[in-house]
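Single chain ahead, by itself, as structure tokens, in the form predicted alone.
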Amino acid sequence: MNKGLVKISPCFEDVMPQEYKELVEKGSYGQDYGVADLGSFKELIEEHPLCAGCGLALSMRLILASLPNPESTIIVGSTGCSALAFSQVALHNIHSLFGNQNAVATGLKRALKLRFPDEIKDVVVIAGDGATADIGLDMVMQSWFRRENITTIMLDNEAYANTGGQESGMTAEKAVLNMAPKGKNFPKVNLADVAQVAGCAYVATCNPAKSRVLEKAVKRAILAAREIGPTYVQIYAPCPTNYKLKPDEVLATVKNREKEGTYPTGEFISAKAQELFESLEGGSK
């Protein structure tokens, strides 16, 4: 995509907030940036509406810094906390109805392939645990069954955080929330295993405390989706508001969960994906 397409129309420049001007002027388009370069470019408006310490906000920043081709990437999101930040990024994005994000992404990817057969157009779904593992699970899994060439990224804050703190299928067993005062009475859905069985070529679980691991997972997922089929990345992104965490306790919580083994980091690589990665990465894992 031509970088000129994201420029602000001259007739609106005098009324646009400075932050939005900087988002266009100092964004990632046309640059080979990664998570190590965060701070040297602008990927998300500083005054975004997500809560202080929000795991989603940090994860979004890392995802945006990990995209292999941001100029030709379209994010398909869904209702939830993460959707509040989509309008704060310099990236094409679609806000779909709650739960149908993978259906929208499927149609979009197919249309782009027909319209631009010789160009790379990455379609990446980014949605919360409610939209991915609960209300949207049918459409998510159907896209996997059909081997659609899209990447699905779940921002897992283990709650319906945007609507008061109800438990979701991804909430850990016995967790107590504002609207689950007695604690959840069944285990967390193991969607990573479901994704593997459903046919995803690459599956990863990661967290924002390990930024390089997250970056590698996102890049691998998108590259594998281009060539092979559906891929899935699950990112643990704690909600400080509903889990009563101070902003500076979020990353400590992430690290503790991984250390305890209750939210491990890992990846599944299919044989075809392994062959692709070896060709692209020189055999590195």
Partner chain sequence: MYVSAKVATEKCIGCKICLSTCPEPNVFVYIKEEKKVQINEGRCKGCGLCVTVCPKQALSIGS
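Residue numbers count along the first chain shown, from 1. Keep in mind the model is a prediction, meaning the values are calculated, not measured. For the two forms, the rigid core is made up of the largest set of C-alpha atoms that agree within 1.5 Å on superposition.
Keep in mind the form predicted in complex with its partner chain is missing from the figure; the text below concerns it.
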Exercise for review: Considering only heavy atoms, tell me if Ser211 and its partner chain come within 4.5 Å of each other in the predicted complex.
Suggested key: yes
**Study point:** Heavy atom of Arg226 within 4.5 Å of its partner chain in the predicted complex
**Key:** no
Check your understanding: With a 4.5 Å heavy atom cut-off, would you call Glu46 a contact of its partner chain in the predicted complex?
Key -> yes
Check your understanding: Within a 4.5 Å heavy atom cut-off, is Leu245 in contact with its partner chain in the predicted complex?
Key -> no
Exercise for review: Report whether all of Ala52, Ala57 and Leu62 sit within 4.5 Å of its partner chain in the predicted complex, measuring from non-hydrogen atoms.
Suggested key: yes
Practice item. Choose from 256-264, 215-223, 38-46, 228-236 the stretch whose residues reach within 4.5 Å of its partner chain in the predicted complex, heavy atoms counted. Key: 38-46
Study note, to complete from the structure: Looking in the predicted complex, the residues of 215-235 with a heavy atom no more than 4.5 Å from its partner chain, listed in order, are none
Practice item. For Leu44, state whether the C-alpha moves by 2 Å or more between this form and the one not shown after rigid core superposition. Key: yes
Review point. Is it true that Gly266 shifts between this form and the one not shown by 2 Å or more at the Cα, once the core is aligned?
Key: no
Review point. How does the C-alpha distance between Leu44 and Arg226 change in the predicted complex compared with the present structure, closer or farther, given a change of 3 angstroms or more?
Key: closer
**Study point:** Change in CA distance between Glu46 and Pro70 in the predicted complex, which is 3 Å or more, as closer or farther
**Key:** closer
